[in-house]
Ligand SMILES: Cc1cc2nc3c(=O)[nH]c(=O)nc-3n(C[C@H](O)[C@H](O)[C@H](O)COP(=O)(O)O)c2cc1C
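To begin, one chain is listed below as structure tokens, in the form predicted alone.
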């Protein structure tokens, strides 16, 4: 336990939140699932990232948080341009594929290059072409802010969700 000093000067124990408890509780917050992609001289690379959000409209910025253990993020960082692909409800397999380490994640995956050269995966709900803006220490993750260069969406597609450790779907009809 850490200690805090209230105005009285007496130390008060501050409970430390256990990582498993934090994961269990915050797992009640449903999130979308993204695959962040880039093009290297050796071909396309990418990784699955569940921590993604809009950050600013002016200037247009998004934010995501790759794990510090990611071997792919440092390569994308060096490139400086990448695309965030928001997966659709029928793209669970893509999420699983891009979450693995080592293997050729693009084997059999259909995509096209964005105007800036980053891979845009076929049939995604949305894609956001980005340039690295800044990085911040996020504990066991890196907080990445990126400027938006271009983007698009397919309003007929519904997003893949992740909730309480499993993939989920929206239960409302399309178009609402």
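This structure is a prediction, so every number in the text was calculated from the model and none was measured. Residue numbers count along the first chain shown, from 1.
Here the subject shifts to the form predicted in complex with this ligand, a form of this protein not shown in this document.
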What I'd like checked is whether 85, 114 and 147 together line this ligand in the predicted complex, meaning each has a non-hydrogen atom within 4.5 Å of it. no
Partner-facing stretch of 124 to 132, 106 to 114, 147 to 155, 66 to 74, counted where any non-hydrogen atom is within 4.5 angstroms of this ligand in the predicted complex: 66 to 74
Contact flag, residue 99 vs this ligand in the predicted complex, heavy atom cut 4.5 Å: yes
In the predicted complex, does residue 56 come within 4.5 Å of this ligand, counting heavy atoms only? no
Although the partner isn't part of this model, could you tell me whether residue 49 comes within 4.5 Å of this ligand in the predicted complex, counting any heavy atom of the residue? yes
